[in-house]
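The chain that follows stands alone, in the form predicted alone, written as structure tokens.
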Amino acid sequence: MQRPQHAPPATPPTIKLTEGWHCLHLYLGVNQKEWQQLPDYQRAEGREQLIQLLDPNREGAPKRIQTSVVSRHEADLGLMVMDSDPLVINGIRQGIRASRLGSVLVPSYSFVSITEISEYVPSIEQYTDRLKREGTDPSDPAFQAKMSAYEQRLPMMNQQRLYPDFPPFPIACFYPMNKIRHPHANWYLLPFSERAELMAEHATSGIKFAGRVSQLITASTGFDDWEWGVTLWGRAPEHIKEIVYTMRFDRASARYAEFGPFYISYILPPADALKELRL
């Protein structure tokens, strides 16, 4: 008689990720009519509430929070918030709503996603195979040098993908994107090897902008209407335009990508952002 098999203990239910952070991009517009109706003391109180709420150094603040002012008319203030606990992130949105300026700052767009390590990031074994396919002889010292460099870089790159630091750049650009399912260009019908090759080409284009642009891709399948969110930080405005234009010629983008709205914004501390918005 066969002994009954015991199921492994179930993982306790949780709203936190096994690895990585939740992420919210939130864009808000100023309702001028509501602002004009507030007495001066409520305006001052609302400003102080928001400056404290959006302070990344306060006790209980999300792991990452960044404020910026937005160029396009659809929004005035931009927030990017990241934490392991989605309710800590939601606390920012609810805190704005409940503040004295809650009727003044009206959400106009938001995007919910999570950090991830893409399936197209080569493992050590996959990187070894790629070098061999490219014709690099494993006995060549150059092969060993490339392998050693990649082994050192990979953990740091994956750490930045899952738990990113904000770069010290003044310009931010955010846009959502999908891989299309057109009958004649369906990304999801391609074999993995071909998709990986296309994404390697795409990554090579982006590497050329190292030091000028920093990029973070967050995953939103099942979390939002798009499949990924792309956040770019630029050392100067023209670098944003250059990288987006350059990478659109890559096959992974030219044939298989579609894009949502672009939000360009300029990063400021909370007090300076509110001053820029005349609040």
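A residue's number is simply how far along the shown sequence it sits, counting from 1. Remember, it's a predicted structure, so these values are computed and weren't measured experimentally.
Here the subject shifts to the form predicted together with a small molecule, a form of this protein not shown in this document.
Contact annotation: of the candidates 51, 38, 61, 217, the single residue with a non-hydrogen atom within 4.5 angstroms of the small molecule in the model of the complex is 217.
206 is the sole member of 107, 206, 95, 167 with a non-hydrogen atom within 4.5 Å of the small molecule in the model of the complex. Residues with any non-hydrogen atom within 4.5 angstroms of the small molecule in the model of the complex fall in just one of 195 to 203, 76 to 84, 137 to 145, 98 to 106: 195 to 203. For the three marked residues, 175, 243 and 253, a heavy atom of each sits within 4.5 Å of the small molecule in the model of the complex. Not displayed here, the small molecule is kept clear of residue 163 by more than 4.5 Å at the level of heavy atoms in the model of the complex.
A residue is said to contact a partner when one of its heavy atoms sits within 4.5 Å of a partner heavy atom; residue 127 fails this definition for the small molecule in the model of the complex, lying far away. Taking non-hydrogen atoms only, residue 226 never approaches the small molecule to within 4.5 angstroms in the model of the complex. None of the heavy atoms of residue 151 is located within 4.5 Å of the small molecule in the model of the complex.
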